[in-house]
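Only one chain is given next, in structure tokens, and it is the form predicted alone.
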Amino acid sequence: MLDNSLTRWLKGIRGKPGRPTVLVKELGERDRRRILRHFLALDDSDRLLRFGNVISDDAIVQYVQKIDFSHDIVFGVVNRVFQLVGVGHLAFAKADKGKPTQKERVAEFGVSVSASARGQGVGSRLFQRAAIHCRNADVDTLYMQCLTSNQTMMHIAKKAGMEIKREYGEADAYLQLPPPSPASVMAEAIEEQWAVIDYTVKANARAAVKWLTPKK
């Protein structure tokens, strides 16, 4: 019998009628420049919602340069022309005393979605992928911090059943995750395989277009 994680995953992959399929792939060092372009394209309001401040281009460059792909996990969604339209950063840290966890570490998740991909479920799919990855990594508590004015993230948090604490215009939310199961491990592995195929096809198509386009 499928557990709830796999059922939700299957529904998320299919998406709603009329929406494109949203596949989430784990990103790596080769994607650092694409990640940087994604963040630099965010306007001031989007930067405020993502980082809690309207940070400068230089600050974004420093942030992206410091991403440690051997420690943190970064997920991405690419559109049909091979542009990153959604990025989720999953960072791990030692659990503080008093935190609602029985494990040695917790995870914090931050997400941004390009204006061109809004309303397609990209943010929700990135969060679902982060949650199932944490579960399979034996992390039982996933945190998300955002401004209370960020209605999209607040909706994602409430939909996921996260406990939300509001203070001084910000919201700290956390989700308690069940232990991994064969179904949850299979769910993540299958999505990653599909996402890799999708990523490769779009990358090759983009390269072919560049090769066939006459140089001016």
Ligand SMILES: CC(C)(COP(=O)(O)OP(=O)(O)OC[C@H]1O[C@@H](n2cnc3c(N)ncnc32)[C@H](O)[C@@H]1OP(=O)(O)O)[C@@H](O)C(=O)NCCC(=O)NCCS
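None of the values given here were measured: they were computed from a predicted structure. The first residue of the sequence shown is number 1, and the count goes up from there.
This protein has a second form, the form predicted together with the named molecule, left out of what is shown; the following refers to that one.
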Query - Which of 148-156, 29-37, 170-178, 56-64 lines the interface with the named molecule in the model of the complex (heavy atom within 4.5 Å) - result: 148-156
Requested in this report: Check whether G119 has any heavy atom within 4.5 Å of a heavy atom of the named molecule in the model of the complex, and answer yes or no.
Outcome: yes
Report task. Determine whether any heavy atom of V111 comes within 4.5 Å of a heavy atom of the named molecule in the model of the complex, and answer yes or no. Result -> yes
Query raised in the report: Though only this chain appears here, would M162 touch the named molecule in the model of the complex if you measure heavy atom gaps against 4.5 Å?
Result: no
Query raised in the report: Wondering, does N136 line up within 4.5 Å of the named molecule in the model of the complex on heavy atoms?
Result: no
Requested in this report: Pull the contact list for 41-73: residues with a heavy atom within 4.5 Å of the named molecule in the model of the complex, in sequence order.
Outcome: D46, L49, R50
